[in-house]
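The chain below stands alone, shown as structure tokens; this is the form predicted alone.
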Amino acid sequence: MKAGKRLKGVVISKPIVYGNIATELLSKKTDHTHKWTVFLRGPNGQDISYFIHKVEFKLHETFVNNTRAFKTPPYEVTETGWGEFEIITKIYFPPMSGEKPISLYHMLKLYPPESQSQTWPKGKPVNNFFYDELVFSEPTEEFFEALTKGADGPEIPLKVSGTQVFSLESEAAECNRLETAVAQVTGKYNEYKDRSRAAEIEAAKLRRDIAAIEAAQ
């Protein structure tokens, strides 16, 4: 299908969450140690199929049919295994959008952080989530209409709850942390700048003194 007219100067973004959840198998009948699910979804668990045509998950080559494709949600793959590896999530958009596919990369995570491995409760899931935004610059008229009319409810939750680790609340907290860090770095920079200026003044004075001594000899 040929893409339609594009809307000049228009930019629209859609938030997504991707990654994996892994749980240790307490009863191991094979060498597999974990059950895991890799997924793509909306941050609020909402339907995102109105702007997605197909999702492909590329697993390790040792898996049978290691490329799994889904044209309808839920966009997820559940498997068992023992090793961590890179997963490629490829997102295709409707033909009328004229958009090229986008690939996301992340490492399948099965084990908790090393600092918590000794105290991690048995059976507690390991969550490995990533937040991103798909940005569409100058979308076609038809795709823009789909993007703006398809959303059902808030796209980003107000507060963190359950497995929804990304929210407007956490975003605001992260912004505050970044602002604090920038202020601290700026303060240190100005401090070192003042020290450098003082050192330059002192060095210039020493050069003058040395020049005066040499001239008097």
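Numbering starts at 1 and runs along the sequence shown. Keep in mind that this is a model prediction, so the values were computed, not measured.
One more form of this protein should be noted, the form predicted together with a small molecule, which is absent from this view; the next part is about it.
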Please pick, from 82, 120, 105, 131, the one residue with any non-hydrogen atom lying within 4.5 angstroms of the small molecule in the predicted bound form.
-> 82
Checking 53, 60, 28, 35 against the small molecule in the predicted bound form, the residue with a non-hydrogen atom inside 4.5 angstroms turns out to be 60
Hey, of 74-82, 142-150, 122-130, 93-101, which bit sits against the small molecule in the predicted bound form at 4.5 Å between non-hydrogen atoms?
-> 74-82
